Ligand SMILES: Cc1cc2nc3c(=O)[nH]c(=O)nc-3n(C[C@H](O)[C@H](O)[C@H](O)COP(=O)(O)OP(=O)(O)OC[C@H]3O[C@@H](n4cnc5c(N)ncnc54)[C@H](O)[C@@H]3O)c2cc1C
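Below you'll find only one chain, the form predicted alone, shown as structure tokens.
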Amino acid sequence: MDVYGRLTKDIEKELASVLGSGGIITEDRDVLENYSWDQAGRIWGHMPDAVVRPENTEQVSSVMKIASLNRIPVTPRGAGSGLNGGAVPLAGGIVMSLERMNSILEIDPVNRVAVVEPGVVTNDLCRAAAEKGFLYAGYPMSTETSFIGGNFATNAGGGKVVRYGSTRRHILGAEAVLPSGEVINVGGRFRKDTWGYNLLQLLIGSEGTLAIVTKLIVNLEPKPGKTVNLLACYPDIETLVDSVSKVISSGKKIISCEFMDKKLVQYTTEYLGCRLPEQERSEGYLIIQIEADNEEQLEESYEVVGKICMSCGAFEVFVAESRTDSAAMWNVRQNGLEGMRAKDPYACSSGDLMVPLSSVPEMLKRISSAGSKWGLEMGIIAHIGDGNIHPIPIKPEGMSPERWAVYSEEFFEELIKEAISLGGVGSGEHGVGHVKQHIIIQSKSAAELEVLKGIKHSFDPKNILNPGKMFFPLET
């Protein structure tokens, strides 16, 4: 007996009547194929039976009511920029793309919030907030492409986490549609409450397995003061890592502390057609962004931080003198994955590791050791200020792409186990999806898994919402 119901012509007609023109796609195989995979790669993909593109909460609710009645699986999808198969419709059925729900509904200066739909590109929100004199600080490195709804689903982080925290800290409220089609509102335009279980925090990072978010109330910060970027060049990784905790605890307002190793910088600067200072002899770089209230404080701050870096072994610390200089530094960091993929289109970025800051030196050693053991060349970037490390290995010459897709995940599994042994977890921001599912299940106790399964069942008793993800293998 089939676990799930089939998407019949009658159900398709019912969905079309709810969604209107262009709201459902069932026949165009090329379009359906585009929604069958995410940035984890096509090998991890699965074809949907239909793609629906609702324009409002009412349509999302109606689709879920139809799906629930007929037990048809629904996979929510944002920009499709995830790296672990979180938006892949493993059970077929319906992909619900939220791309048409892309409005910034309100910037509220009194309560310092914005109200947005889930299909808003993150950087569009950042710009709209800036125009009103505010900062949206939930800022992943994929800000130009990711949707705010996807950031919510994965609790995305990025280069500013060391100062502002991940997405979780910037979501104050949400409207969400349950698998049954019922609409709930959690949180609001306030910043604290002691008012029962916090369902909002449970939904953040749940990867679309519990509910589909249709509106978000996000926190806005005061616009930053004066900022400056430093580029510190190091002869070895050990001295670089020694700087990080001292920079973070310097008492200065550190917004970002980002790491790039020699190999990543080499391939990325080749891709971009540029150079960084001291590139021949630098084994690694730190990009450090500092904030202060005025120019005098800013100068004092970067002098203090620069001296810390030099005392720890940096042989040069460059201060960006202009926006152009700052953009050049960050351009290499933000294009690190693209640079590695210009060298090898199969360069894998699906794994990010999270360890306590004190364990970063040891984790980097273990990554290097594992790379040698597995015969892999790799570049590394990291939000090193908060212990979030992103190894990017390159496919060995002669290995088939199909074998590489499995081999690279086996490699990341070893790294994740090392991170867990050091008191960390298997992902700080990329999530679990279905690619990392078997690893997270292994890392949880039986008692914890039972609690998690109970939560899923409470929200989704028919298991129709993004089935086969996170802790919950696909029913067969």
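Keep in mind that what you see is a predicted model, and the values were worked out from it rather than measured. Counting begins at 1, following the sequence as shown.
Below, we refer to the form predicted in complex with the named molecule, which is not included among the displayed structures.
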Requested in this report: Indicate whether the named molecule has at least one heavy atom within 4.5 Å of a heavy atom of residue 231 in the predicted complex.
Outcome: no
Query raised in the report: Applying a 4.5 Å heavy atom distance criterion, does residue 213 contact the named molecule in the predicted complex?
Result: yes
Report task. Using a 4.5 Å heavy atom cut-off, state whether residue 147 contacts the named molecule in the predicted complex. Result -> yes
Requested in this report: Tell me, yes or no, whether residue 385 is in contact with the named molecule in the predicted complex, where a contact means a heavy atom of each within 4.5 Å.
Outcome: no
Query raised in the report: Of these, 443, 68, 62, 39, which has a heavy atom no more than 4.5 Å from the named molecule in the predicted complex?
Result: 39
Query raised in the report: Ok, 118, 379, 284, 179: which has a heavy atom sitting within 4.5 Å of the named molecule in the predicted complex?
Result: 118
Query raised in the report: Three residues, 244, 256 and 313; all within 4.5 Å of the named molecule in the predicted complex via heavy atoms?
Result: no
Query raised in the report: Which one of these stretches, 394-402, 69-77, 290-298, 262-270, sits within 4.5 Å of the named molecule in the predicted complex when only heavy atoms are counted?
Result: 69-77
Query raised in the report: Which residues, if any, of 144-178 lie within 4.5 Å of the named molecule in the predicted complex when only heavy atoms count?
Result: 146, 147, 149, 150, 151, 153, 154, 156, 157, 158
